[in-house]
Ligand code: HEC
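Only one chain comes next, encoded as structure tokens, the form predicted on its own.
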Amino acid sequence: MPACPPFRFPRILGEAIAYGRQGTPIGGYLDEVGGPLARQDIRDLVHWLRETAGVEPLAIDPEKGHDRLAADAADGARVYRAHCASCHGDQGEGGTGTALGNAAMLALTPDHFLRHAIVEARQGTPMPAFAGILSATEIDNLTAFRRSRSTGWSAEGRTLRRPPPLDRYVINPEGEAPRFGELKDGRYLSAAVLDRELRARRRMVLLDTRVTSMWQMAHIEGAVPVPYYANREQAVASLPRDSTWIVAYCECPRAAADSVVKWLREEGGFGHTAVLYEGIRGWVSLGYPVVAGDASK
């Protein structure tokens, strides 16, 4: 069954090159956003960078590695002020060190990766390895604080969303049908159009087809976690059959969502279906909003 590949560092680097980093000087180089590079060019560039660096990227198990650390973000704010703000800025805006207040990085980069950078330092930069400076608890707390800034550096805290019950999958149930227009290749919907229709409070269903732990990290508000490997017959039983539009998304940027929508169309009999073309990494990198899920479920 087609699915997103396991998380590895080149995917984070590749998406940063593709879509840029909002709030930093890094622009998007992907041809889909007006840049000069196709996705294969970016893959080749990332692999060249990896070979040039001569190090193996950090691999994270996609089934486990996206879980959030259970730590004290409030104490992490204290640690940040004491050890990080002088280089990275009081609001994560950057200075001597790189800007850390980037929504795409903080919303979608696993805690274990953020923690690894704190522990091991950044080779070739002034950043020290904090393994010998901070305790393991302080590093966990600092990681939790950085994660808590994914919806804005001034946020006091995040409201965690729980998956909706089976009878409430439809977003804006009283709203009109979305005006998506013609889908690219008969299937794909742009982030700009989806955001516009969500803001217009159109009636639809959003399916997050990644592993559920990634839905917990960050998802488009109202999206239902339906992993690509879930029992599709059970999932279909909860979907409306009244021509309500169903939009699926994943991260890589379309493989898992493509698989689910293909099944919905060919096996489930659902005609009004679409795939978010940029995937959620593109969605966040382009500046569209996400919320966090309840990690206790």
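Start at 1 with the first residue shown and count on from there. This one's a predicted model, so the numbers in the text were calculated from it and none came from an experiment.
There is another form of the same protein, the form predicted in complex with the ligand; it is not shown, and what comes next is about it.
Student: Candidate spot 83, 117 and 127, all three in 4.5 Å heavy atom range of the ligand in the predicted bound form?
Tutor: Affirmative, all three are within 4.5 Å.
Student: So which of 107, 100, 194, 170 reaches within 4.5 angstroms of the ligand in the predicted bound form, heavy atom to heavy atom?
Tutor: If I apply the 4.5 Å criterion carefully, the residue I get is 100.
Student: Please identify the residue among 142, 207, 204, 214 with any heavy atom within 4.5 Å of the ligand in the predicted bound form.
Tutor: Residue within 4.5 Å of the partner: 142.
Student: Using the partner position in the predicted bound form, report whether residue 219 sits within 4.5 Å of the ligand, counting heavy atoms only.
Tutor: Residue 219 lies outside the contact set for the ligand.
Student: Quick one: does residue 88 come within 4.5 Å of the ligand in the predicted bound form, counting heavy atoms only?
Tutor: Result yes; residue 88 sits at the interface with the ligand in the predicted bound form.
Student: I'd like to know whether residue 160 contacts the ligand in the predicted bound form, with contact meaning heavy atoms within 4.5 angstroms.
Tutor: Close contact is absent here: in the predicted bound form, residue 160 is far from the ligand, nothing within 4.5 Å, heavy atoms only.
Student: Within a 4.5 Å heavy atom cut-off, is residue 96 in contact with the ligand in the predicted bound form?
Tutor: Contact with the ligand, yes.
Student: Tell me which stretch of 220 to 228, 88 to 96, 183 to 191, 196 to 204 has a heavy atom within 4.5 angstroms of the ligand in the predicted bound form.
Tutor: Among the candidates, contact is made by 88 to 96.
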